[in-house]
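The chain that follows stands alone, in the form predicted alone, written as structure tokens.
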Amino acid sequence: MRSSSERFGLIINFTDSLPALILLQKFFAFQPFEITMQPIRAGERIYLILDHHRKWIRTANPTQQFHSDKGFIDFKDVIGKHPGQTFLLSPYHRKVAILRPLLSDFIFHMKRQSQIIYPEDIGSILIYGNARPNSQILEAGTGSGTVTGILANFSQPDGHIYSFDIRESALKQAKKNIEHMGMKEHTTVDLGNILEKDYNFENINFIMLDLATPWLAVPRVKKYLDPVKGRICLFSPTLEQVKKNINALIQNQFQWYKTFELMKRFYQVKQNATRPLGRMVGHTGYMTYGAFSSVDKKLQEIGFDDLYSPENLGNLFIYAQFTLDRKILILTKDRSQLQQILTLWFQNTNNITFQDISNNEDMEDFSEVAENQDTSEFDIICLDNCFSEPLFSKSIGILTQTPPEE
């Protein structure tokens, strides 16, 4: 059994209903709860949150301190305590919360020399790139190592990422970031120019090109792709680059290609005052995907639709960290497509428990869930478009059980 020290305790409400979001906000406001997890260990990466704008990821070194403009704290006082607790910074007595970081937290808090790719973009790269467990992936443009580490995480247990960059200084920091994410063994990061050197790769499942001139790489890397399942992504910030990307895919016999961008809009969720906020992330970059055979048809066969779209599923994977080493409970209704999609995607869903609550939406009886399950070991509970207050209360009841000691 895996260590309960890695237990996160997430509840995800996957819904297309604004009233459900309002109900969820109300629930959190009036019913605080605590999830008991194993204590923080020396050398572990921790997530410190002072307020909405000031957050840090640091290593809990017992001989060091964390410093900010609002005070400091000794890491030795944090080690041995449970994630989710708050501590007072000296000498100003400002509260800081300590959590375990998720993959999505690493994206914004890694040291880097280049612009990040946003979590939503990485999520779509995972789905459209078909980066499933055991995938062999080639990346040109390592950058901060964020995408490298996340692709490696989702390609476990037997997948591998081969990543190249032409900047030695960037690679030094990228290797540190990948190691902080725990993905060192699943990646090979080297200095190299894929536009100038030939490699001996074959049957690569996915190629990620984050370069200034990705269209120049297409004729050189297409021979590395699996001729049936292989896919490619070219990430570019301008439309002039996109035109050249598409032309390169057409000229190199890619039968399917698609370009889009994702815009991120935040919402204020309040009773009788739910609306979009004035600011949003209007542009990050254009993602151009290519494959030797139709991808749209395969996505339709899997069961993607408006709610269970590749983009939404990518968000779910990134923000909820839906990976094979997480134990997940999904509460669903009427044989939801989500079960079919996850089964086809992961192949092995032994770590995912699906519970159909079509005839018992308030979950008065959890016996079916608890049967042959150690419910205190669930990392994530996903409410699959079936939110209600009693159901949410029961879900919290599962997550707040004390996990067994190692």
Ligand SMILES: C[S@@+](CC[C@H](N)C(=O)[O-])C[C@H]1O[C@@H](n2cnc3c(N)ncnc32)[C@H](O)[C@@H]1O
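This structure is a prediction, so every number in the text was calculated from the model and none was measured. Don't overthink the numbering: it's just position in the shown sequence, from 1.
One more form of this protein exists, namely the form predicted together with the ligand; it is left out here, but the text below deals with it.
The ligand in the predicted bound form reached by all of A140, G192 and D210, non-hydrogen atom within 4.5 Å:
Every listed residue reaches the ligand in the predicted bound form, so yes.
Contacting member of V147, A320, L126, L225, with respect to the ligand in the predicted bound form [4.5 Å, heavy atom]
The residue in contact is V147.
Can you work out which of L99, L324, V242, A170 has a heavy atom no more than 4.5 Å from the ligand in the predicted bound form?
Partner contact (heavy atom, 4.5 Å) among the options: A170.
Can you tell me which of 256-264, 280-288, 210-218, 312-320 lies within 4.5 Å of the ligand in the predicted bound form, counting heavy atoms only?
One stretch meets the cut-off, namely 210-218.
Can you work out whether I116 and the ligand are in contact in the predicted bound form, taking contact to mean some heavy atom pair no more than 4.5 Å apart?
I116: yes, in contact with the ligand in the predicted bound form.
Does the ligand come within 4.5 Å of any heavy atom of D165 in the predicted bound form?
Answer yes; at least one heavy atom of D165 falls within 4.5 Å of the ligand in the predicted bound form.
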